[in-house]
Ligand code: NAP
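The chain that follows stands alone, in the form predicted on its own, written as C-alpha cells.
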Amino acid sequence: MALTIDVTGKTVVVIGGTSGINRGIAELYAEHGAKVAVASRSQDKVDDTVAALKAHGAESMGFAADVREYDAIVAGLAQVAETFGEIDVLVSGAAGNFPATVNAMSPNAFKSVVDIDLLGTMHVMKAAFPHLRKPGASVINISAPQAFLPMQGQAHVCAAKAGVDMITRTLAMEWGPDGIRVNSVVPGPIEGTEGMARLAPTLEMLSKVAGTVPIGRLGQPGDIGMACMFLGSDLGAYVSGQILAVDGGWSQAGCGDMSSFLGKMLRQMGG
C-alpha cells in the first residue's frame, strides 16, 4: 500500500513564516499545492514571502502583525479565513532569542522573549480557534530544546518554550473533543537560521555544533517542514499532545553541551 500526503487545496497558516525554519515550512507546503498564508511583523518580509510562494504556483497571502498584539492577530486570521476558508493546518512559530545570563539581562529583556514566545503563542491559539476546521485541523507549535533542557544564557527561552509546550499539551485535551490535534515540533540546529547565527556565530562554532549531532549534520528547514506535513496529514491522525524533537538525536546528549559553551562564552564577554 502506497502512503501519500496530499495537501492540495488545504489552507495552511504559518505565523512567523517569512524567515528561517518557518519560511521553509511555508515554502514546502506551497510546493505541494496548499494555499499558504504567512504573517510576521515586517510588511516587506510578508510581501517578499508571498511573492516567493506564488512563484511556486501556490495561492498565497499574508499580513503584518506582532504576535504580542492580540487584536492584530485576530484581524489578520479573520482576513485569511474570509479569503481561504477554514484553516486546516496552523503553524505558530514566532520567536525571539539572544544569549544572556540572568544577571546580565534586564527584566524588560526577559519579558520581551516571554511575551513573543509564550504570550504570542496564546494569542495565536485563541485568535485562530474560531477559524480552525472542526473536526480535522492540526495545530503545530514550534518549540525548542530549551523547553526541556536547562541551558546557560537561555533562561528566558527555557521559561517561555516550556510554557509553549504546556499550552500544546493542555490544548490537546481542551480542543480534542472538537477534532483538533495540537502538537509541538522541537527543531535541532538548523543551518542558515537566525537562531543558529546567535548561538553559533562563527563557522568554527557551527562546525562544532554539527559534530555533536548524532546523525552527523545540521538540519535544514525542509526537515522541519516534512515533520509538520506529517503531523498535519491523515498519517498523523492519532497524534496529539506530543512534543516531537526533529533534531537528528541532538537533544539526547544535552544538545552537545551547548549550555556549557554558552556559559563560557558569556563569562568571557563579561556577562
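From a predicted model like this one, the values you see are computed outputs, not experimental measurements. Quick note: we count residues from 1 along the sequence shown, nothing fancier.
Quick note: we don't show the form predicted together with the ligand, though the next part is all about it.
Trainee: Where does the ligand sit in the predicted bound form: which of 125-133, 171-179, 143-151, 76-84, heavy atoms within 4.5 Å?
Mentor: Within 4.5 Å of the partner lies stretch 143-151.
Trainee: Between the options A162, M196, A72, A155, which residue brings a heavy atom to within 4.5 Å of the ligand in the predicted bound form?
Mentor: The residue in contact is M196.
Trainee: Can you work out whether S42 and the ligand are in contact in the predicted bound form, taking contact to mean some heavy atom pair no more than 4.5 Å apart?
Mentor: Result yes; S42 sits at the interface with the ligand in the predicted bound form.
Trainee: With the cut-off set at 4.5 Å between non-hydrogen atoms, does D47 touch the ligand in the predicted bound form?
Mentor: No, no contact at 4.5 Å.
Trainee: Just to confirm, E31 within 4.5 Å of the ligand in the predicted bound form by heavy atoms?
Mentor: It does not: once the ligand is placed as it appears in the predicted bound form, E31 has no heavy atom within 4.5 Å of it.
Trainee: Give a yes/no on whether I21 approaches the ligand to within 4.5 Å in the predicted bound form, heavy atoms considered.
Mentor: Answer yes; at least one heavy atom of I21 falls within 4.5 Å of the ligand in the predicted bound form.
Trainee: For a quick check, can you give me the residues of 66-85 that have a heavy atom within 4.5 Å of the ligand in the predicted bound form?
Mentor: D66, V67, R68, in sequence order.
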